[in-house]
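Just one chain follows, in the form predicted on its own, and it is written as structure tokens.
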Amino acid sequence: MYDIAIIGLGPAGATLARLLDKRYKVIAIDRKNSKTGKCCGGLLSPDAQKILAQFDICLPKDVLVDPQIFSVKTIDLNSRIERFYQRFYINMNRAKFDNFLISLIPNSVEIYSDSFCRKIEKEEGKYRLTFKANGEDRVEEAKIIIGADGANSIVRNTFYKANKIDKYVSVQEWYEDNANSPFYSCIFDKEITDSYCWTISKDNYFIIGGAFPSRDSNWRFELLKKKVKKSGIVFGKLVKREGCFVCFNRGIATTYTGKDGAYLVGEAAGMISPSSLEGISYSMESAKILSGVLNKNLNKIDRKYFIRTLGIRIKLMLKILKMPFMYNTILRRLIMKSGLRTIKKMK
């Protein structure tokens, strides 16, 4: 019998596993292996950088990639307007970042990587987990289960179906790149998606991706590539294609922390920016809060965790208020035409 079982070892699960008191018997099950990473642009936001600083964590240089980019090229394909805005992201290798966070987890935590949790059942005040590890089914029990497994969380899907969450499909492709000048772009086009798309340069690769409604996501991605090619971007040799579900937070009701011994952190809890789809900062922050609650005792967690995540919900609400200025075609066009806070590039 484990005290705590963590499903997923992204930034949320890895941070929680690292911060939990060593007096607890903890198991962590992660679908990734050391070579695979999440379908992600791989940019570390200022908020995420701040939390790493609070933890006194410094990134090793092999996590970083070239180039480090200081502006985002915002492209509105509908109005054909382009603007540059200053940004302070760190360009990184997402798989190596996740592996680094996992490497900080103490040996007292029992980790199963490259493993898939198939089923979770609640019975008599405990949780029974069935998962596949090393090609075999295993069954373990825990007093508390934590869903840190992203938008398609098995914990959320099993116990909190009534708390609906909008799931989009994130798709991106990597190409060899020797022709394009390095840049990071944010692309809007209402025909392609009501979210946004991106391109980014990373270690001599050109990455193009986007978040799309599940229906016709492949067609939408192909349309994105077609329109980007018309703008003069050169696509080299295709290296790989990757995808995952992503939470599209449309309202504060999307955020749900869980109850009765089954809790959610990070994107599984709906804690992801609705404007930028940035979730690393919220993942680490929610894990820090939950670990503080759990480390005091394993009783009466529900209300304490919910109250202490109020700050996160307020941040998300402010991001939701910002959404119309990004996704409403008319408002976005007016802001971009105004030139407010734009950078004028020297020729």
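We number the residues from 1 along the sequence you see. From a predicted model like this one, the values you see are computed outputs, not experimental measurements.
Not on display, but discussed next: the form predicted in complex with a small molecule.
Enquirer: With the small molecule left out here, work out from 54 to 62, 289 to 297, 309 to 317, 24 to 32 which stretch has heavy atoms within 4.5 Å of it in the model of the complex.
Expert: It is the stretch 24 to 32.
Enquirer: Hey, in the model of the complex, is Asn249 touching the small molecule, heavy atoms inside 4.5 Å?
Expert: Residue-level check for Asn249: no, no contact with the small molecule.
Enquirer: So, in the model of the complex, is Ile301 in contact with the small molecule at a 4.5 angstroms heavy atom limit?
Expert: Ile301: no, not in contact with the small molecule in the model of the complex.
Enquirer: Flag Tyr160 as yes or no: does it have a non-hydrogen atom within 4.5 angstroms of any non-hydrogen atom of the small molecule in the model of the complex?
Expert: Judged by the heavy-atom cut-off of 4.5 Å, Tyr160 is well away from the small molecule in the model of the complex.
Enquirer: Might Ile154 be said to contact the small molecule in the model of the complex, defining contact as any heavy atom within 4.5 Å?
Expert: Judged by the heavy-atom cut-off of 4.5 Å, Ile154 is in contact with the small molecule in the model of the complex.
Enquirer: Just to confirm, with a 4.5 Å cut-off on non-hydrogen atoms, which of Thr193, Thr254, Ser185, Ser115 contacts the small molecule in the model of the complex?
Expert: If I apply the 4.5 Å criterion carefully, the residue I get is Ser115.
Enquirer: Only one of Leu104, Leu223, Ile111, Cys244 has a non-hydrogen atom within 4.5 angstroms of the small molecule in the model of the complex; which is it?
Expert: Checked against the cut-off, the match is Cys244.
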